[in-house]
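Next up is one chain by itself, shown in structure tokens, the form predicted alone.
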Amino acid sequence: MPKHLVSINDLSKASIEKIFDLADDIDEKLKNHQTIDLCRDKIMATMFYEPSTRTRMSFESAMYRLGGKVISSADTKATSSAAKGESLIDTIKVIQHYADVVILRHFNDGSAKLASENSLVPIISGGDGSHEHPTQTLCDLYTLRREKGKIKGLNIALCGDLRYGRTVHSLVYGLAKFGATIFTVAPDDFALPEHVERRLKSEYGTEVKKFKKFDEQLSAKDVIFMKNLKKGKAVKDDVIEENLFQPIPIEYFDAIYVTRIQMERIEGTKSRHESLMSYLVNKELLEKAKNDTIVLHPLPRRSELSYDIDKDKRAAYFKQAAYGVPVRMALIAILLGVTEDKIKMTFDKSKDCILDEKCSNHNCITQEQENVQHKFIKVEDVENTYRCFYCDSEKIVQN
């Protein structure tokens, strides 16, 4: 059976580290202009139903640098038979005979999972709706490892649109795997989805520290938490002093991960976009950060990340984009089995609970595709709550 990557949860920490080790080796060979022909005679198909610059081009560059070939559909929704009403399932069942691996970006949540169920060749998600973007997370984690030397124990601030931004939904799980401390900075309308928080807690034992603004006044308990964190002490309840209130101190963060508002996925964008202006990461804010704090952004950016820090040594977002090539080269090589490196994939299988209920997420792929059996997984320790097998959205089902 082919190995697919549709969620960062498909990969264990050990598997991710194997990908990174191979990426290190590949990156060194690229710098030395060495030929890498691991994928000679292999073909990759890129199917993008949504616009893309970095993901599509870095995947295509990766395959060419591996000695393989690429067939590409950069606007699949408009230029393929999807425009004639062809279903994703039928498209995949055809394309699998034309290529050895398929990179899929789709506007529906859970589309990559559905594609993987109907493909004889590896499916790699290039982002599906507001659901996940696992290979972006590989690039993010790899950047942290390269630029900071480690991931465990880092204090990471995730700010911006955390509700609709698929990169963050994958990243929080990846950070939890590696033992980072996660802070979220977002207004209520853009907070991390509850089902993501719940899964973080139930499967990784991780809870995020949530704030609305960088200048938000901390509670006394939060101040104690961050004081202990800075001193490397175990975080526990301390005696609360009323005079400890203060703004979120930027100097606590080892990395600031900025995301743009996902205007294409929400309504009422103008007013909500204005509410995010306080997340502008600029020179003034960065002056308060540590000298070795790095700023990350999956790009493209809008007004949330100022151009005036591009030349700052702590601005790592263009390195982050560049690392996408060796990381994706390593991933392609491993999934195609052309290297000695082997990884185990972890999928939701035996816990499937088949229900006659439709997914409550209006953008779930099951809402768009006919003849798809709706599958849900019971959420542990939460009564009558089930998680969609495809998009991970939760719903309450009364027995």
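Please read these numbers as outputs of a predicted model, since none were measured by experiment. Heads up: residue numbers just count along the shown sequence, starting at 1.
What comes next is about the form predicted in complex with phosphoric acid mono(formamide)ester, which is not displayed.
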Would residue 51 count as a contact of phosphoric acid mono(formamide)ester in the predicted bound form, using a 4.5 angstroms cut-off between non-hydrogen atoms?
-> yes
Heavy atom of residue 300 within 4.5 Å of phosphoric acid mono(formamide)ester in the predicted bound form | yes
Residue 181, heavy atom within 4.5 angstroms of phosphoric acid mono(formamide)ester in the predicted bound form | no
Distance check, residue 133 to phosphoric acid mono(formamide)ester in the predicted bound form, heavy atom within 4.5 Å | yes
Residues in which of 360 to 368, 51 to 59, 64 to 72, 31 to 39 have heavy atoms within 4.5 Å of phosphoric acid mono(formamide)ester in the predicted bound form?
-> 51 to 59
Answer key, phosphoric acid mono(formamide)ester contact in the predicted bound form at 4.5 Å (heavy atoms) among 169, 177, 113, 105: the residue is 105
